[in-house]
Ligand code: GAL
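What follows is a single chain, given as structure tokens, in the form predicted on its own.
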């Protein structure tokens, strides 16, 4: 017995010793990207499910990057079937990313469990895109490629063996330096699996790290031109005649409309779904789609993927479905090719072949009380936890492939996403409805390779209505979601013109927006981006002391203020949304001179400015030398083959350049080289010039450009 006990003790110490000494071996797997495997990574991972191929040629165009961390300071331990990771942090280092957060930007000092869920009002990791990727203000990124509920301690826990222990403060002395969350030099991550692949993305800037991450995942998605127009989602039980009448109303009000969202009533049964047209509300689906097309409008169909017992697909997919239902509908195991094939055949025959332009994929995020539980099983052997983390990726990839096979671009909405999704044609949305938090989420989406859009559903006042409409017109999808309220852009007549003006401004800016999305695809730059990714921006998170309170704040915790209410669209345009009730707002300008978009007047030279909140305008600013290409106002995005007048606005006194991108706007032929890039250039003496478009390639603009010099 003594020998057995000694053997047990020896084995225990060997396990502890091995865990303590584990060293990651880093291999440069793409330009500026290093990979290491901790323990035994699982067969199912986020990047494997997403299936993207790195855009290595584009990654080689980025500045050279060195491994950004001290390798000896990165530790891994495998204990009790779980992986414990630690990465070093420096004193002033800020951390961004770690999922789609709605209230905070700098995540240092936070504890999160990255868990796919409907956002519940807290930045605790439960969100629609719990991407286990973070970006450092020091100019690098880290991805943990595991489809698990990953817990992250972002500089919140102090190890006994830390190299940089915090100062020990006696709180009894009433020292103001005492902090309930003392400084930690560690980023610690717990993966509930016996291994994981880890990727480190070099800089040298935070933007370069984000670019590498997006390009590693195939580059950002380039939407069809119509996808950047305006969309209206109609009430749930609208018939095909109701929808056609609504499209006509948009024409009568001269309001932009490129695609309509058809909500659950198109199904013969919804919650769960049949994916089959209701014969009463939609007696002629093909004719309906054709009639919309004649108005220049496309149809996007709502669905959740749970299969109704009344669906023709039900008996076919039942063998490939999980042990639990959602709303009595089957949860199909889309990791299985047989299941994907059944869905593909049905969707192409009944939807895509008659002209449906895309989908809104709803309710694949949570809540726990109605989604499949973690005790569910799936025929492929994929665990319920893993399925929770990857389901949004599976559906995005599957539907994207259907359209790629048709050589037709799509653009839609989804409620769940994760790492590796940059090149998918989907924008995240949710049922939350805080206007300020919508903007913070838009900012945070730029760190994690996803697109997020605010939306407008309803408002209590005309002021709130126009403010929300202004924000959606400067987001990845300009959307009014009237599924429940039946609202229309002109629901508040007193601000109808202001709403129409900002919608038409978005349409005028399509050359700028489309070129910015091309940057996303070819260069990895997020089209809508945090100020923390902008060169010359020096805003630092500010901490404010907490007031001691016996019940509300017994540890006198400090709060942290982030810049979470302004952002960049592309390289040149700064957007500072205004919220209902505000009469003025502060704007933080990066280094250099910035000019008012509307007047061309100097707004400020770096630093902080305060602007008046005019009801009919969202504050917009252009950097010195910035060029903004625009087209005349129009209701719908340009069609393939159209040739349009082009106005290029120049702001400030500095010379400037802009790369104007174009292709046919609808197919994937651009991936085979069928695209154009021309250089727009303004010299010191304010002379404008456009380079010659390449012969034989799509180019939608007249060669005689109107140059408008906004700053006199």
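Note that this is a predicted model, so its numbers are computed, not measured. Residue numbers count along the first chain shown, from 1.
Unshown form predicted together with ligand GAL; subsequent notes refer to it.
Non-hydrogen atom contact residue 481 with ligand GAL in the predicted complex at 4.5 angstroms: Although ligand GAL is absent here, residue 481 would touch it in the predicted complex, with heavy atoms inside 4.5 Å.
Distance check, residue 314 to ligand GAL in the predicted complex, heavy atom within 4.5 Å: Flag for residue 314 set to no.
Exercise: residue 429 in contact with ligand GAL in the predicted complex, heavy atom 4.5 Å: Yes, residue 429 is a contact residue.
Heavy atom of residue 264 within 4.5 Å of ligand GAL in the predicted complex: Judged by the heavy-atom cut-off of 4.5 Å, residue 264 is in contact with ligand GAL in the predicted complex.
Heavy atom within 4.5 Å of ligand GAL in the predicted complex - residue from 302, 372, 277, 87: Filtering the options by heavy-atom distance leaves 302.
Candidate from 415, 148, 225, 409 lying within 4.5 Å of ligand GAL in the predicted complex - any heavy atom: Contact check passes for 415.
In the predicted complex, segment of 108-116, 176-184, 285-293, 361-369 with a heavy atom within 4.5 Å of ligand GAL: Among the candidates, contact is made by 361-369.
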